[in-house]
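For reference, the chain that follows is the form predicted alone, supplied as structure tokens.
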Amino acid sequence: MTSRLGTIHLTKILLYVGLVAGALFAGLPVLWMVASSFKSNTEIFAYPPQLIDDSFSFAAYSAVLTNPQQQRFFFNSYLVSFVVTLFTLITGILAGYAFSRYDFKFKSTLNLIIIGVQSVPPITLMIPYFGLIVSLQLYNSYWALILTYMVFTLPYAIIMMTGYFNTLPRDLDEAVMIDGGSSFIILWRILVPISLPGIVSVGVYTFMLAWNEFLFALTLTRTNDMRTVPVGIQLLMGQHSFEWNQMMAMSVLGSLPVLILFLLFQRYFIAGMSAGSIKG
């Protein structure tokens, strides 16, 4: 009995050590990024390194927030991310409801296509999408990014919303129909309000993907007034010098929207992910 208790305690200790090591491995780079954003470029590479030193300053944040070009990067990211999230949610809810509640021709084929698109690595579609965007005369525009991002967010949204709607009893639909309600009322007044966890999880995921995307944002835009935050951070890496402190400050500011969203909606996000993936 004593040996068994000792083994259990040892397992717990090893588990805690592993969790602490993982937290340090994930958290120290973030801590160093935040600390570096308050330093000068020379102090960032000082030896021995110091987390906080005498050069502590908000100069990097001031330079980022007062620079019209970098303000434009943030505006572009917010605009594209919000529009992609809105369109994805509306389309995902409608498509998910249709797949969950109706049987129609080519339903299985469409499901297969959606899953197939979700499984394709985005980088393999770079050249085809570039050619398509150019042929549609959308190159270097917001629509180039919005439509491209939606190709990758919609399959996830449809799969998740279909799975979530499948967990809701059809008795709700029948009760509303008996009272003379239409499919529109069933969806928007009954199912959508009680599907908030699934909708939030899809919205947060979509916003994160659109906000953090770099490769297509770099390829499908040409001028700085169309660039987004991830590309803007890369542009601080000049030919002869790197603005390391501004890169760190811009990275911190670029991380805040996703962090705030997750902290505000983490309960719904986790619940929606669990319901949509397990019961779908």
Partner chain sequence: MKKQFIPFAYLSPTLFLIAVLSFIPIATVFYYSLMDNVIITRTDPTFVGLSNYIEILSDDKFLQALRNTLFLAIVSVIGHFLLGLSFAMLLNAKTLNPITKAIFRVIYILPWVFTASIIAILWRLLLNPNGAVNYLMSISRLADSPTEWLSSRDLALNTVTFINIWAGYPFYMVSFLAGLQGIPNDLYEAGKVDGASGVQLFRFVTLPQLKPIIISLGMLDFIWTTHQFTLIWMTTGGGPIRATEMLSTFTYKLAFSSNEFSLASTTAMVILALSLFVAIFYVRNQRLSSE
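Residue numbers count along the first chain shown, from 1. Keep in mind the model is a prediction, meaning the values are calculated, not measured. Only the largest set of C-alpha atoms that superpose within 1.5 Å between the two forms is called the rigid core.
There is another form of the same protein, the form predicted in complex with the partner chain; it is not shown, and what comes next is about it.
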Under a 4.5 Å heavy atom criterion, is Ile44 part of the interface with the partner chain in the predicted complex? yes
Going by a heavy atom distance of 4.5 Å, is Ser36 a contact of the partner chain in the predicted complex? yes
So in the predicted complex, does any heavy atom of Ser62 sit within 4.5 Å of the partner chain? no
May I ask you to state whether Val30 is within 4.5 Å of the partner chain in the predicted complex, using heavy atom distances? yes
Among Phe104, Ile127 and Leu132, does every residue place a heavy atom within 4.5 Å of the partner chain in the predicted complex? yes
Counting non-hydrogen atoms within 4.5 angstroms of the partner chain in the predicted complex, say which of Val83, Val192, Leu168, Leu147 makes the cut. Leu147
In the predicted complex, the one of Asn224, Ser57, Asn67, Ser255 near the partner chain [non-hydrogen atom within 4.5 angstroms]: Ser255
Would you give me the residues of 55-78 that have any heavy atom within 4.5 Å of the partner chain in the predicted complex, in order from first to last? none
Core-aligned C-alpha movement of Phe75 between this form and the one not shown reaching 2 Å: no
Would Arg170 count as moving between this form and the one not shown, using a Cα shift of 2 angstroms or more after superposing the core as the test? no
Taking the rigid core as reference, does Leu256 move its C-alpha 2 Å or further between this form and the one not shown? no
